[in-house]
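Laid out below as structure tokens are two forms of one and the same protein chain, each shown alone and named structure 1 and structure 2.
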Structure 1
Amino acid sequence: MRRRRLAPVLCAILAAGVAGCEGEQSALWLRGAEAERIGLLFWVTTAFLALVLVATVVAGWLAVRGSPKIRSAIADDRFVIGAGLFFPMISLAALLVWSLTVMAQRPVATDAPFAVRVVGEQWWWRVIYRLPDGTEFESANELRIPVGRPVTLTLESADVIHSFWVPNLAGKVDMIPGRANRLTLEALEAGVSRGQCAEYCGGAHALMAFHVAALDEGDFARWLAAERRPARAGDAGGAVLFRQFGCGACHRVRGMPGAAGRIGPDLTHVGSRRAIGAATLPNGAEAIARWIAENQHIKPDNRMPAYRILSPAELRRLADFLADLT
């Protein structure tokens, strides 16, 4: 009777575990060169441990149910010393040397068409691109890279310890205040991967995510050319509201007078991003309106106040203005 009650629980746990192994944030869905090396290390280690487990179970069963000759051989000092001491020492040492070889640090990419600095802040990501001619522009909570070309990221923190992790593409690297760490990403195929802060950093830590979009060379070149340009002119009434309610004190919109804030994310091309609020909501005018008015409900403790003083018409017009910034 107990087994019948336990079976559905075990099935539910197994299903939940399997469901966690697929999707755009799965460490088993390998889409990057670094992730492939981590995947190889995982599967080889898992296979080794599975063999050890099977051998241990078999040896334990034989020690209890085997013939007297087999039980005597298992109890012999030579078997105990060999299987219990020398085998673990030799096999684990070999596994350690091999894993260090597989996971050896890759050289910094020097042929990338740009440099990228990612700064972790509570609770979002500032992404700064620097082109060879010295031009810089910012994005937020989204990184775009070309397929098949290594791109080295400089990872920093503006406040507390964060951790940059894109399971599909690479392992996690901590972002420590006052220190710059580096991570090389190389996407092997086009697509979007989801990343997450992997170090607890305060109240909204669980909602501090981002996207990495790997684009073919042509698509990436077109995006780069469009992204480096100032924002195109949007609805004049929406721009007036943007300035009237002080949005420009915290947010920058390149090319727009009175919008040079550096406290919050750069909104120059916010309408072209996949999501807002550090991947909390899918992008769009409706989502932007919700975020402006109810962001403390959607993402508690974030640094932006909720603007409930706007009338429905003002809120809609301001949201449309921001959604048109592509």
Structure 2
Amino acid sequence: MRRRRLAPVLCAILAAGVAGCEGEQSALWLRGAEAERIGLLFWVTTAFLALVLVATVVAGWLAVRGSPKIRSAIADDRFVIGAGLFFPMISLAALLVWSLTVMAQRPVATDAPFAVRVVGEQWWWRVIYRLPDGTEFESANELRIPVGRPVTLTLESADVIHSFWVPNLAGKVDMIPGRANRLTLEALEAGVSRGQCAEYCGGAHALMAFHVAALDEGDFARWLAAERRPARAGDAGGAVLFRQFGCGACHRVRGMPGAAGRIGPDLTHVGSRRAIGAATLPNGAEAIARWIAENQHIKPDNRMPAYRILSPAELRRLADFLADLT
């Protein structure tokens, strides 16, 4: 894909090295089909408009400091009509039509391996996979898709308006209560992208992020097989703590009795995810322990109560148990 190599070069010129185009949340790192279509339009438009800006500044300069001949040429209704009316009409019409054709390039989700519903909640993402055989299983704050195969997401909201945005892969789509919007993602290369809620949704909006991992076919099949299985029975002591403190009232761990809550994220394979707290902390037993005890400090207003009452030993054991749920 030659275009994708061009982009970082342009990016470097534009940003003068200040902004890394290769950010995992950058709209200029074109790793998805839609992002790539938009990227080309973006760069051409930017280049054209930069020229227009330069031309306008030069015209202004000449109007003030130019020779009398040039100035009298500018000081004319015909100049205004040409530069201010006809030029914009023609060039903008061209840009408009091109942008419409970009919109019309409809991505087709063929032989999708599964369907995904993503539900925005204050302030995390519920991800529900549905396989062709009808089985459904849930994950949270992380989406995995196979490279090169379009996957259509159904985007919903459980409370207020959120917006689903993975800049590397595609533009954003709002999640609106009472509606189900759609977005087709197609990753062009393997790798992890970061996404974030783009519509202000109250309190902890700033800390409502997620990851999208694009996997090669084989990796994806292996992951899918693992993910659809219930949780492994881990440390029995940790499981007791999980039950004792009522974690199961809000969280589901498939295969574990008394852990069928639907309020918070499904924790069946929480240990295998990249991050916790809607991409707020990198995953790990340490982070999980911190989250359990201090989540209101780490992510103010989030819906989970902070469990400061656990003793350090209990905390450690519970966190280890969760980190072990891979």
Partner chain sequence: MSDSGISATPRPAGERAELLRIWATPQGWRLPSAVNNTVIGLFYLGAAFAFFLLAGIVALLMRTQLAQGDATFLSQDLYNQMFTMHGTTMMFLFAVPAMEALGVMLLPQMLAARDLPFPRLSAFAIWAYVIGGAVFFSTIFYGLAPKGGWFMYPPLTLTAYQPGDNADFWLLGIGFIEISAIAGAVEIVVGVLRTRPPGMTLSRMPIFGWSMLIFAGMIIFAFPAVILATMLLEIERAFGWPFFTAARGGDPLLWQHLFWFFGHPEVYIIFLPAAGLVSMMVPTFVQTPLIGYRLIVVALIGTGFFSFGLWVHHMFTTGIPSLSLAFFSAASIAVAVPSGIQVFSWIATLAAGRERLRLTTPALFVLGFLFIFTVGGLTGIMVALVPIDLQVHDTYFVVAHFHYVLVGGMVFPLFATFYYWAPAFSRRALSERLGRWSFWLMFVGFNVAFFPMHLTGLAGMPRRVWTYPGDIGWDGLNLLSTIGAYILAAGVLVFVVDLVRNFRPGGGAGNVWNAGTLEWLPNDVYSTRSIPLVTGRYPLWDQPNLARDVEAGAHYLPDAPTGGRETLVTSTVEAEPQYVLQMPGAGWSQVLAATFTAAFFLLLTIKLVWIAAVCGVLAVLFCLVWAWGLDPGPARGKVAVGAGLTLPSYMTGPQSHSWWAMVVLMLVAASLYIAYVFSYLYLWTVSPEVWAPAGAAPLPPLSRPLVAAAAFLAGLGLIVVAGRSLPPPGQRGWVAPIALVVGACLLATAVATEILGHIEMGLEPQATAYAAMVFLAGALAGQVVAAVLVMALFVAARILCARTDRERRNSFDHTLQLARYAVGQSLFGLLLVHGFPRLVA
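The term rigid core refers to the maximal set of C-alpha atoms that superpose within 1.5 Å between the two forms. All figures in this text were calculated on a predicted structure; none of them were measured in a lab. Numbering for residues begins at 1 and runs along the sequence of structure 1.
Only structure 2 comes from the form predicted together with the partner chain. Core-superposed comparison between structures 1 and 2: the CA of D76 exceeds or equals a 2 Å shift.
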